[in-house]
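As a starting point, one isolated chain is supplied in structure tokens, in the form predicted alone.
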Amino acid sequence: MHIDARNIENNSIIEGDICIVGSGAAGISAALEFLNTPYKVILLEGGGFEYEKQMQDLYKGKTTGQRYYPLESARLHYFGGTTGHWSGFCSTFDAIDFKEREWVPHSGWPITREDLDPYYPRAHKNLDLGPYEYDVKYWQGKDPELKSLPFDGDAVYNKMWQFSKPTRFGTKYRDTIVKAPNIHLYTYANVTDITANENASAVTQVTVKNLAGKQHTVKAKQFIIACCSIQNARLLLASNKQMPKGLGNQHDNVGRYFMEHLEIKSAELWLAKPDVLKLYHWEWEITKARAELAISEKMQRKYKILNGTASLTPLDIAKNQPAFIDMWTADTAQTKKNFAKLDQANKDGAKKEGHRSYQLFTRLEQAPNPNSRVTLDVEKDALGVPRAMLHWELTPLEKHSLRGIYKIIGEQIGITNGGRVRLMDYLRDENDNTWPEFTGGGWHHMGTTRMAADPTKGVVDANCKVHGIANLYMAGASCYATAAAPNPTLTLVALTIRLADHIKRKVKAV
């Protein structure tokens, strides 16, 4: 069922069993888990079914610290959310990503990789991925031309990625959600405030507003906030009538530990002879699976580095490509043109005989840093909510890790006489912790309502429930305690399905 919140009577009271705020990958995945159940689900979307500039304006904000993308373009504000410009990259987290690592401050989750294992295959279905297989040998069995570089797997291994179509949740799941008798989708219903009971131990209702001047109240027994990492934190911080620092923020953790993936060109690989390196090749909307070079847990521990992967692009193509940080603009149409031009350049530059030189491009997890954070600005949006301010701050560990990754890769390729690795200039001085102008992120927002068993160290518990509030849950990558190397979408969908299962058990037991 679909209701446009602009067209119902002002100050309406909307009631249900479960209220989900946000209809991106997390919000829709949560709603799908309650299809055909006895529970009335209220799914709130701030925008409509298509991109609208005035809705995007609600996501405007300021950035400080490390150079970053315009906030209003980094997330899409309509049904389907940011899956509208998702590239479809998917891979699982590694076991080490969940562990406490003594060289990574604030690392460690209250769950393990094994806790997510049952949910990854279910997430595959939502994302239209292939078989739940991330073993390089499986894919090589499908195509003998997927030959590996000659690395020692105990040091450098091939981490496999699968690629979604990419699935646009707003297109694929629109009819399913709208036709579901127990799911009530309200569009143009922006949540502007969360209200708890007198001692703030449970949420009683949320307030929704829209640009048509309407305001409504939504009441439910369970609330799931699935807006995205920046907006999740913004909403908790702005809901400060009862708790001056914001809901769930007794220990000043909401908004802190904002993490991105550093996505940055880092080195060159020069091979002894040309090679197409088909195993490592990616072509937009064609490639089903490929490998990136990854560092084993053993070597991460030995060199005390963060987790990261290296992808390979022919150097004569890569050297003419602008940095991603310069391609992503506040003009969504122009951004699409920039990436279409990049994709065409990749196709035009391909050589059947292969290439001898490749650019090594790194996707590196960011160390959890409490100074990297989301706060509220004094300026408010058109609905009266303080705008978000993002301070993105890196640490010396990121640059140390980049050097470590290519030291290991360089040593391993050198041992085989298969080639050599050449570091880019900005990585050569081990005492230099500055970052070049072309440093960028992957548009992967994580960590602002981080998971921790100890309420003083995080915002949500192992079930994504806000500490101290019985019926308030956060969904999505904002719950990540560390970022890992892969893009966050596959894992956030798996984590959301796990959250939905937890709520099913909880409401059934009542």
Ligand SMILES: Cc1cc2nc3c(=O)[nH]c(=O)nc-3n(C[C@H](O)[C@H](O)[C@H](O)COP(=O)(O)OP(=O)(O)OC[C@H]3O[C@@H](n4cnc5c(N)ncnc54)[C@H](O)[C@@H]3O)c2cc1C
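Start at 1 and count along the sequence shown; that's the residue number. This is a predicted model, so every value here is computed, not measured.
Absent from the display: the form predicted in complex with this ligand. The rest refers to it.
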Quiz item: Do heavy atoms from each of L312, F361 and E365 fall within 4.5 Å of this ligand in the model of the complex?
Solution: no
Quiz item: this ligand isn't shown here, but in the model of the complex, which of 227-235, 405-413, 371-379, 170-178 has heavy atoms within 4.5 Å of it?
Solution: 227-235
Quiz prompt | 4.5 Å heavy atom contact, Y280 and this ligand in the model of the complex | solution = no
Quiz item: Does N190 reach this ligand in the model of the complex if we count a contact as any heavy atom within 4.5 Å?
Solution: yes
Practice problem: Considering only heavy atoms, tell me if F49 and this ligand come within 4.5 Å of each other in the model of the complex. | Solution: no
Quiz item: Closest heavy atom of W443 to this ligand in the model of the complex, within 4.5 Å or not?
Solution: yes
Quiz item: Looking at H85, R113, H216, R122, which has any heavy atom no more than 4.5 Å from this ligand in the model of the complex?
Solution: H85
Quiz prompt | Option touching this ligand, based on a heavy atom within 4.5 Å in the model of the complex, out of W392, F98, Y157, F89 | solution = F89
Practice problem: Determine the residues of 8-24 with a heavy atom within 4.5 Å of this ligand in the model of the complex and present them in sequence order; the list may be empty. | Solution: V21, G22, S23, G24
